[in-house]
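Next up: just one chain, as structure tokens, the form predicted on its own.
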């Protein structure tokens, strides 16, 4: 992609649905016939489920809004696909949920501030006051909502109100150390990405680094996934691992793990913001 292409408005589309012959040819032919210039195109076929997936990015020749409308008619009407279509320049609002660990939280703030993540942080929600000063340094509103077993439903209702009121299209749990209820996940109105400090499905739940140390494993990992009603079992977006030895203490595992958590969470958020993820059947297709 040259400098001129970068400056032009681009459309990104994600498609998935029943596989059949001719989809790639029909989509690319449609764009070509309208004078568009395809910059990236990738596809995948799930042979077991017979599902087709595609991500395609192009520069339209005419009005981009009209192009998106007509392409949706093609994708959903003629091809029978589910479609997500947006401009590559689109900047959704996100909400960060945090507790007391600052490493993932600060990393996301820095990446957004440097323009590495194409989004606007609408606000921060936390069950502790500890990270307020960091949030306010970046000029981001901080909502302190302490939570207990007795107040969980009321606090979650307030969290949902804040998220919907600010128009957020993504919630990022940057080490928010609370289990979100099924009702919250089902009614919040946008995807929720969580970072779990282990290589799921191993060591789910609390204190995974301590579990890994006791088990004597030789690698530890971090997993970013979409949150679902089932704890730590949502569709996995990104994972990474680091090697450890018998010389590493629990503190060493935690230190090394936090490095992974930052990288993995940022990778997952970036892929979501760039419209690179299709989730299905508790799995994901992540286009590079």
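What you see is a predicted model, and the numbers here were worked out from it, not measured in a lab. Numbering follows the first chain given and starts at 1.
We do not show the form predicted in complex with another copy of the chain, though everything after this point is about it.
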{"query": "Heavy atom within 4.5 Å of another copy of the chain in the predicted bound form - residue from 189, 201, 146, 205", "finding": "201"}
{"query": "Complete contact of 51, 82 and 160 with another copy of the chain in the predicted bound form (any heavy atom, 4.5 Å)", "finding": "no"}
{"query": "Exercise: residue 243 in contact with another copy of the chain in the predicted bound form, heavy atom 4.5 Å", "finding": "yes"}
{"query": "Interface membership of residue 152, another copy of the chain in the predicted bound form, 4.5 Å heavy atom rule", "finding": "no"}
{"query": "Heavy atom of residue 28 within 4.5 Å of another copy of the chain in the predicted bound form", "finding": "yes"}
{"query": "Residue 64: touches another copy of the chain in the predicted bound form, heavy atom cutoff 4.5 angstroms", "finding": "no"}
{"query": "One stretch from 114-122, 152-160, 179-187, 68-76 that, in the predicted bound form, holds residues within 4.5 Å of another copy of the chain by heavy atom", "finding": "114-122"}
{"query": "Within 91-113, the residues that have a heavy atom no more than 4.5 Å from another copy of the chain in the predicted bound form", "finding": "102, 103, 106, 107, 110, 111"}
